[in-house]
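Before any questions on binding or motion, here is one chain by itself as structure tokens, the form predicted alone.
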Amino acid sequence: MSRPDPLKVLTVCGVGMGSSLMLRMTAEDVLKRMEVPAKVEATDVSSARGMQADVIIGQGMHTEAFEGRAPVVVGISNFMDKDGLQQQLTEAFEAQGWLEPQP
């Protein structure tokens, strides 16, 4: 499966005004570092349920509801951990065939 270009990425939190914005900035930095073109949008859980996305990122308590709604759903615990998010996205993108596995 080829990777959509650019990826549509949603960062979600309960109300879409605080942690999803921080996560958006973290995700934008990580995707840029990975050289993956993406449009990242911060939103709340309710709005995200009606939106199409290639990737959904948020706290585990919010992302459980999105399993199967997007090709990649990533639950995180630390919004500022860029290395951790990059590792999770790399593994998920490789599983989708969007990145070549690293040796």
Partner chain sequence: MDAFTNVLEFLATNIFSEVAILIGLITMVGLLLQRAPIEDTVAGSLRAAIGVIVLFIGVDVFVEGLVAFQTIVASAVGLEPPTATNTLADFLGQHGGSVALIIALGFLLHLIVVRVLGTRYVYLTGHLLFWISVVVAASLVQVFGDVGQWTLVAVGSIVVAAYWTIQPLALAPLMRRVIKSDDWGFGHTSSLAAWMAGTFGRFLGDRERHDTEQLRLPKQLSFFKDVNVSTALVIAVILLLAAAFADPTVLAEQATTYNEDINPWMWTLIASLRFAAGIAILLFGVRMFLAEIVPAFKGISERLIPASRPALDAPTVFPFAPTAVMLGFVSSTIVFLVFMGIFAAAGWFVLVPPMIMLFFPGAAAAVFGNAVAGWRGAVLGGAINGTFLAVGQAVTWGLLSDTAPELATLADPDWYVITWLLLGLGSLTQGLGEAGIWVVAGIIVVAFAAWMTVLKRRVTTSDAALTGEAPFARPDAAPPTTGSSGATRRDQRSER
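Numbering follows the first chain given and starts at 1. Just so you know, these numbers come straight off a predicted model, no measurement behind them.
Absent from the display: the form predicted together with its partner chain. The rest refers to it.
Proximity of Pro4, Val72 and Gln88 to its partner chain in the model of the complex is absent: no residue of the three has a non-hydrogen atom within 4.5 angstroms. Mapping the unseen interface onto this chain, Glu94 falls outside it, with no heavy atom inside 4.5 Å of its partner chain in the model of the complex.
In the model of the complex, no heavy atom of Ile56 sits within 4.5 Å of its partner chain. The shortest heavy atom separation between Arg33 and its partner chain in the model of the complex is within 4.5 Å. Contact check for Ala38: every heavy atom lies farther than 4.5 Å from its partner chain in the model of the complex. Annotation for 26-63: interface residues with its partner chain in the model of the complex are Arg33, Ala42, Thr43, Asp44, Val45, Ser46, Ser47, Gln59, Met61, His62 [heavy atom within 4.5 Å].
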